[in-house]
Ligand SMILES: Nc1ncnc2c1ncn2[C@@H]1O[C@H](COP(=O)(O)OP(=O)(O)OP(=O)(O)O)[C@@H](O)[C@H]1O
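Taking the form predicted alone, here's one chain by itself in structure tokens.
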């Protein structure tokens, strides 16, 4: 049955976001963590792209890199007492100032490398001042933790207005206009009684309402591109449905482009146009939603769907006589990534070449990208 899927329009828009050869590494007490390695994908205007995969696969790291805040967060979270970590970050700063790369110096370094084009402009080449004009205005972010993202001591009206004031460089906004836009944003996400409840603090709202408030904060600047990081985590099914319905309505009303990060493929089936699948910091498959969730080609995609099915998928799995099963082993250690395919240690179809050589990420059919040596040799698979 294909009616469970959100199908993209035949008309394909221009790319609003293009990620090319993205690397994002950070330091830890165990060593250099290669959180994202050589990832490339794109998002079209008015399109929702999902990034799907197990925890720790690099999904949120991609979001932070797009937002231009990964390096600041990574440096703050690194082990400051570790001499090697300090050396690596100092070396990164020197390399960056000279406009060089890891390949130029022959050493793996923390930080972000590659290209991230937004409306044709390479975000990684922008100064901090130039980036701040885009981040929070044209590109906005809904984080996954409501408890850590909202200030418990400030009412939600003031918090929703913060982006407006922060980007009022010409000092042209009046309080009346700000209030109108705050009420409009909170009303768009159907918070209810917003003229009264804007004065309440986060503790007086449910978790589902907190999530709506974060979405309103991301929408108030009328952005072109919004990143949603696990937008329905820890919410019950009914609230999840209402949250995603609100997001879909906003997407249509505002012609928003979206990047939706989630390991819930039921959510992505209902909201994404195309999906990228990640494991171990690598993008291993990227295609339209029907291909990924109904006829996946990569062994990891297949295994992850069978190990983490939605209710609808469980019904189809039973109908086809397939078995629910976990993925054997553990995700790879990103401080010591294995040679060859990132998934080979857990893959039931692994052969010698998988252990020795990293597969090329290539287009196997129009708009369907895959990194697997054994494409075309694997058993048919359809849900």
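Since the model is a prediction, treat every value here as computed from it, not as a measurement. Numbering follows the first chain given and starts at 1.
Not pictured, yet referred to below: the form predicted together with the ligand.
Put simply, residue 55 is close to the ligand in the model of the complex: some heavy atom of it is within 4.5 Å. The ligand in the model of the complex is not approached by residue 42, whose heavy atoms all lie more than 4.5 angstroms from it. In the model of the complex, at least one heavy atom of residue 230 sits within 4.5 Å of a heavy atom of the ligand. Contact between residue 66 and the ligand in the model of the complex is not found at the 4.5 Å heavy atom cutoff.
Taking 144, 240, 310, 271 one by one, only a single residue has any non-hydrogen atom within 4.5 Å of the ligand in the model of the complex, and it is 144.
Highlighted residues 85, 92 and 112: none comes within 4.5 Å of the ligand in the model of the complex, counting any heavy atom. Contacts of stretch 31-51 with the ligand in the model of the complex, defined by any heavy atom lying within 4.5 Å, are made by 33, 35, listed in sequence order.
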